[in-house]
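Below sits a lone chain in structure tokens, taken as the form predicted alone.
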Amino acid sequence: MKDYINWAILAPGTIANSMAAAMNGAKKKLPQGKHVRTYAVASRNLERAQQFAAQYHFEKAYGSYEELLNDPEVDAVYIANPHAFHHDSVIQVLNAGKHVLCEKPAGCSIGQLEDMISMAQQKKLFFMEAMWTAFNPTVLEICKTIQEGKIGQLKHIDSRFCNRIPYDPKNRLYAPELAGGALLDLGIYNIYFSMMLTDFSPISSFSSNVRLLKGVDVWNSVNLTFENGVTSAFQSAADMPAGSDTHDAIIFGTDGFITVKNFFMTQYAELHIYKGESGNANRKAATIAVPFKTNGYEYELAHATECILQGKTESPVHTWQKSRNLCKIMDSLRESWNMKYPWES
């Protein structure tokens, strides 16, 4: 039985650099250093693939995705192209008999996601949406702190993920044909973060506002209510800043609150306890901080690798149903905004 996975990366763009760095870190830090092998990378441009392979110590570089899929030594593929292409890429990779870790959002709609899950089931292969927040050790400690009742009863989650990026119709965030907009790229983290903190209580209702530009949401403001009574309010934007240098969240309870720096990739949070029955006076009670071993991507990578080695087709942590629930709320929001991608019209 194999004790390693030959990992490949499809589409060596910006985010692929982070995963490749995590793969190299994992080679040194997983047990026996054998679980992760940086095996192959494929790009539509052979020179780009070769440069990436040399930088991150991959054994093979391919100038087409087809060559990668035809390599029998490839065990699993991390899909890193823009999410408008995820559906076709995931189906092709699974159909070629390879396991899949697909960058979020795996599907731009619930229909696309169901296609992927169905193919994984049919082929008996591992498939997971790469939602790194689900494995972030500081976020997991925050969840534990809430479950232990240290802020009393959880009441509300407030978060912002806003970037100020100049308008460029070729930028994927502003391109409808690339499933652009703030929600699928940024707001997805606000939603999942709230889902984690509420122990994945179903969402019972929502309200929202949006500012559209040439077919994509460049700013949105969303209020969610979960069945357990917890509320969440967030904003995500592509054309305006968050008002600070970080993308932060505040988690409110009846007895205190938790401030979270860069909530979607956090390594630092503070627990504050109220001093009285009323007012905002509080004391800092604890720091919640678990530094990354590499860059934060190593946790989802290690989890996916272990699942594959154990013969699992679905993650027990970021399950297919959690991906479904996440995708459905984004579909519902887009529907309320009358926002469709070109292929949905």
Ligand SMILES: NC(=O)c1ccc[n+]([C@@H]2O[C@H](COP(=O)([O-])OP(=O)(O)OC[C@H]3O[C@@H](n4cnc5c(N)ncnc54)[C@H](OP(=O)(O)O)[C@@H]3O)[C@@H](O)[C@H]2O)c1
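Numbers follow the displayed sequence, beginning with 1. Quick caveat: nothing in here was measured; it's all calculated off a predicted structure.
Beyond what is shown, the protein has a form predicted together with this ligand; the following relates to that form.
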Check your understanding: Do all of 56, 261 and 296 end up near this ligand in the predicted bound form, with near meaning a heavy atom within 4.5 Å?
Key -> no
Review point. Which of 235, 208, 138, 81 has a heavy atom within 4.5 Å of this ligand in the predicted bound form?
Key: 81
**Study point:** this ligand in the predicted bound form: contacting segment from 196 to 204, 84 to 92, 147 to 155, 120 to 128, heavy atom within 4.5 Å
**Key:** 84 to 92
Point to revise | 4.5 angstroms heavy atom contact with this ligand in the predicted bound form for residue 107 | key: no
Exercise for review: Determine whether any heavy atom of residue 305 comes within 4.5 Å of a heavy atom of this ligand in the predicted bound form, and answer yes or no.
Suggested key: no
Review point. Given that the partner is absent here, does residue 248 sit within 4.5 Å of this ligand in the predicted bound form, heavy atoms only?
Key: no
Review point. If you check in the predicted bound form, is residue 76 within 4.5 Å of this ligand, heavy atoms only?
Key: no
